[in-house]
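Coming up is one lone chain in structure tokens, specifically the form predicted alone.
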Amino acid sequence: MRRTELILTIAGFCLMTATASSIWSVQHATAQDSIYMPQHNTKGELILPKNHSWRDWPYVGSMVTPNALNGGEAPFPEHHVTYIDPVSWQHYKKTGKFREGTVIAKELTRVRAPDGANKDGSTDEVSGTGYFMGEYSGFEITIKSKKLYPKEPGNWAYYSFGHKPEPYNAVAKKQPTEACAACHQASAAEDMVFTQFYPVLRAAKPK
């Protein structure tokens, strides 16, 4: 009798484990396969994604260009933290290409510079002297779509929700081609994207 009970107990445990594993797999797959669909209003302006959803996307890299190292007038004097939407991330890992519908989000933060910052804009923190992230200071999105932007270089369009602290602007107009595309065409390493600054993308690209 005890042996039968033991067998039933083990079988029940295995079933529960398998069920829990299946549920986790479905939830995980759903999270990875969730598609961010850009939303536009009647004026054609891009609507800010809800609930800071881009912060849940795969992180691909960052850079910092502080004013103190650029004559006091860096074009973008912030940390640039860059993400890619989950579906495009999976596609890039398989193909090494940015798919139709790729969305890349870039969130900015000021360089941390409390009273007593060094002349070069760095600060002395517990880990050493360097450039650390302060508060959020802007948000941008770029979208690749031949359907939406057939005349844009590489079919990429650029949107800025403001270079300012939160809350960001609720909507953004498409930037003029000359405002962003020209720089990306001239200096980006791959398909208008600065992959030379994004080690996560470089490491994921199929060899």
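So that there is no doubt, residue numbering starts at 1 and follows the sequence shown. Just so you know, these numbers come straight off a predicted model, no measurement behind them.
Absent from the display: the form predicted together with ligand HEC. The rest refers to it.
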*Check each of Leu148, Ile47, Leu69, Met63 and return the one that places a heavy atom within 4.5 angstroms of ligand HEC in the model of the complex.*
Met63
_The chain here is shown without ligand HEC. Which stretch in 116-124, 102-110, 129-137, 84-92 comes within 4.5 angstroms of it in the model of the complex, by heavy atom distance?_
102-110
*Any non-hydrogen atom of Gln175 within 4.5 angstroms of ligand HEC in the model of the complex*: yes
*Any chance Thr142 has a heavy atom within 4.5 Å of ligand HEC in the model of the complex?*
yes
*Can His80 be called a contact residue for ligand HEC in the model of the complex at 4.5 Å between heavy atoms?*
yes
*Wondering, does Ala179 line up within 4.5 Å of ligand HEC in the model of the complex on heavy atoms?*
yes
*in the model of the complex, does each residue in the set Cys183, Phe194 and Phe197 place a non-hydrogen atom within 4.5 angstroms of ligand HEC?*
yes
